[in-house]
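Quick heads-up: it's one chain on its own, the form predicted alone, in structure tokens.
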Amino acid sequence: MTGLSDQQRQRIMAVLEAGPLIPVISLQREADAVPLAEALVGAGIRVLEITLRTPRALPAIELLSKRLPDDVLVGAGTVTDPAGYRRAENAGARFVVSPGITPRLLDYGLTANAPLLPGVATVSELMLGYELGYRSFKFFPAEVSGGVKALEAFAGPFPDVAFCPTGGIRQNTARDYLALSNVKAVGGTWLTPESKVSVGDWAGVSRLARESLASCRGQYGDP
């Protein structure tokens, strides 16, 4: 059986290590892509996951891959099949994230140009990816799937697996996840709230991202 190469494993690990916080973004307007990304990058964010939940996602990924190629790693989220994977790669996505796994998706990720971070919620799903050589996974939906305690339990039988939990995580809980040895990054929508994005409050977005990063590092106190 062909498995994931060491190079592919290293590429997706490099994405996680560029964290520790990864905004999970659903763009409603393509025009928001650049100022939003610039606000996040200015605060110290280095990885963005733009979900394929809106029609503006692929154009935004393509735009950011051209405008900010050296400043931020832009990936595609909510990828559910090889066709969507190919579209994301063609748009310039540097990595791909799936909410769950299928055999076809895992097989495609073995040799894809953009490395895959497959989503799992259970040990059985993890083992399907593990069998093919995957060692980094998205844990989703994190909070309803057991949260920190589940990831602590996963570390026993799978000490060589790294996770990026997303789903229900907030600024005040991200640090609890990042304290785990098997968590390399945390993803979340709280970093780009619609209340700020919809009105172009880029200073507010940047401030929230900066505070969140500092909180995770134990540096942020009262403003």
Ligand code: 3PG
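Because the structure is a prediction, the values reported are computed rather than measured. Quick note: we count residues from 1 along the sequence shown, nothing fancier.
Another form, the form predicted in complex with ligand 3PG, is not on view; read the next lines as being about it.
In the model of the complex, at least one heavy atom of R53 sits within 4.5 Å of a heavy atom of ligand 3PG. Although the partner is absent here, Y134 lies well away from ligand 3PG in the model of the complex, with no heavy atom inside 4.5 Å. Proximity of L208 to ligand 3PG in the model of the complex: non-hydrogen atoms within 4.5 Å are absent; the residue sits far from the partner. Although the partner is absent from this view, R170 contacts ligand 3PG in the model of the complex, with a non-hydrogen atom inside 4.5 angstroms.
A single residue from the set T189, S65, Q28, N182 has any heavy atom within 4.5 angstroms of ligand 3PG in the model of the complex; that residue is T189. The chain is drawn here without ligand 3PG; in the model of the complex, the stretch among 149 to 157, 136 to 144, 108 to 116, 86 to 94 whose residues come within 4.5 Å of it by any heavy atom is 136 to 144. Looking at 17 to 40, the one residue that comes within 4.5 Å of ligand 3PG in the model of the complex, counting any heavy atom, is V24.
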